[in-house]
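In the form predicted alone, a lone chain appears below as structure tokens.
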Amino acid sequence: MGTLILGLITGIFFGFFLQKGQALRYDRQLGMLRLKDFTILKLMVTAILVGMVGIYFFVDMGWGKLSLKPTILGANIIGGLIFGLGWGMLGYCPGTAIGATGEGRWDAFWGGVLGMLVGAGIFAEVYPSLKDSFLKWGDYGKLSIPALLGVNHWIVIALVWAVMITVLFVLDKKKSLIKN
């Protein structure tokens, strides 16, 4: 029960930050897709950076464990294409569709939330025929970048932080140059 409550609290904070970061706004989503407004990218990168540190801190302290999923190229490519098409057509990703529905945006509900439910139902129906075909193509097992490189995870985290902070800095500079 404690895990469910923690999940609920985390979800509330996630939704709050999506709303405060203006990621639920259609114009922000469209701006990101058109590579003109990087507000959502900045929000996502920040969440990834903080999440990386938090997850590995909990793992190192013995308060959590990693649950790596296998790297399966066929499933990842098809799933990424479906995700991208849905985001491009609707203007919301799954998390922002739920949040925008909470703000009362019915387009996010009818196209996003119901679309996700219908898509999940279709997937559940066709899964048995797909599980031994392209959903197994490129199955590399459970991989992690630190394990592949043979280095401590904190080295990879520091490198990712350096790269992402540089990317955010460059995007911010480009944006200020475009405005001037």
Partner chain sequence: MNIFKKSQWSPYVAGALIGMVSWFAVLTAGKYLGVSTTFVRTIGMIESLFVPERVASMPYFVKEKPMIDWQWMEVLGILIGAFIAARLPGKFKGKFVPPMWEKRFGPDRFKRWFVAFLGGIILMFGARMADG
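Positions refer to the first chain, counted from 1. As the structure is a prediction and not an experimental result, all values here were calculated from the model.
Although not depicted, the form predicted in complex with its partner chain is the subject of the following passage.
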*Could you confirm whether residue 162 comes within 4.5 Å of its partner chain in the predicted complex, counting heavy atoms only?*
no
*Though only this chain appears here, would residue 10 touch its partner chain in the predicted complex if you measure heavy atom gaps against 4.5 Å?*
yes
*Tell me, yes or no, whether residue 58 is in contact with its partner chain in the predicted complex, where a contact means a heavy atom of each within 4.5 Å.*
yes
*Though only this chain appears here, would residue 54 touch its partner chain in the predicted complex if you measure heavy atom gaps against 4.5 Å?*
yes
*Would you give me the residues of 38 to 59 that have any heavy atom within 4.5 Å of its partner chain in the predicted complex, in order from first to last?*
39, 42, 43, 46, 47, 50, 51, 54, 55, 58
